[in-house]
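As structure tokens, one chain now follows by itself in the form predicted alone.
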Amino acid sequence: MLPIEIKHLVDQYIELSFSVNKNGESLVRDQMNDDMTSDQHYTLRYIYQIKSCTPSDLAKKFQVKKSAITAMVNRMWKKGWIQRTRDEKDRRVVYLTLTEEGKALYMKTEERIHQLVGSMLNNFEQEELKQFLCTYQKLQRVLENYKQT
């Protein structure tokens, strides 16, 4: 490929990526509780899916420092969305689980997000969606490989 073609492709990728991420996040954010951030939603989602985790697990999953997770967990605990349970064998270890309020909030939010995204996906043919998801998964693998090098 010629350098001018690569520059055009890079520019197009950056523009599209920015626009899709910003617009998508904004639309999803509109489906959330006014008192919830996107990071808090992703945290509720993660804990809901795996049932229980430690703050260190969250920091690793979301690729942030443990101090950032601690601050967010404290806010979510104060809102009554998560509970902390100390490990009986090692009191330094804390397990995070969703409270009933946290589960209900997550389920309500997730239902609204699924309706929104489902309505968007209806604009595409089945084969387009299949190809898009394959390409997006490949992009994820490429990005992960770059992070590891």
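Owing to the predicted nature of the structure, the values given are computational and were not obtained by experimental measurement. When you see a residue number, it is the position in the sequence shown, counting from 1.
Not pictured, yet referred to below: the form predicted in complex with the DNA.
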| query | finding |
| --- | --- |
| Position in contact with the DNA when the complex is considered in the predicted complex, options L27, V64, V117, M107, heavy atoms within 4.5 Å | V64 |
| The unique member of R84, R112, K103, K60 whose heavy atoms fall within 4.5 Å of the DNA in the predicted complex | R84 |
| Interface membership of N123, the DNA in the predicted complex, 4.5 Å heavy atom rule | no |
| Distance check, S52 to the DNA in the predicted complex, heavy atom within 4.5 Å | no |
| Contact label in the predicted complex: T37 to the DNA, heavy atom within 4.5 Å | yes |
| Exercise: Q31 in contact with the DNA in the predicted complex, heavy atom 4.5 Å | no |
| Candidate site A68, M72 and R91: all three near the DNA in the predicted complex by heavy atom within 4.5 Å | yes |
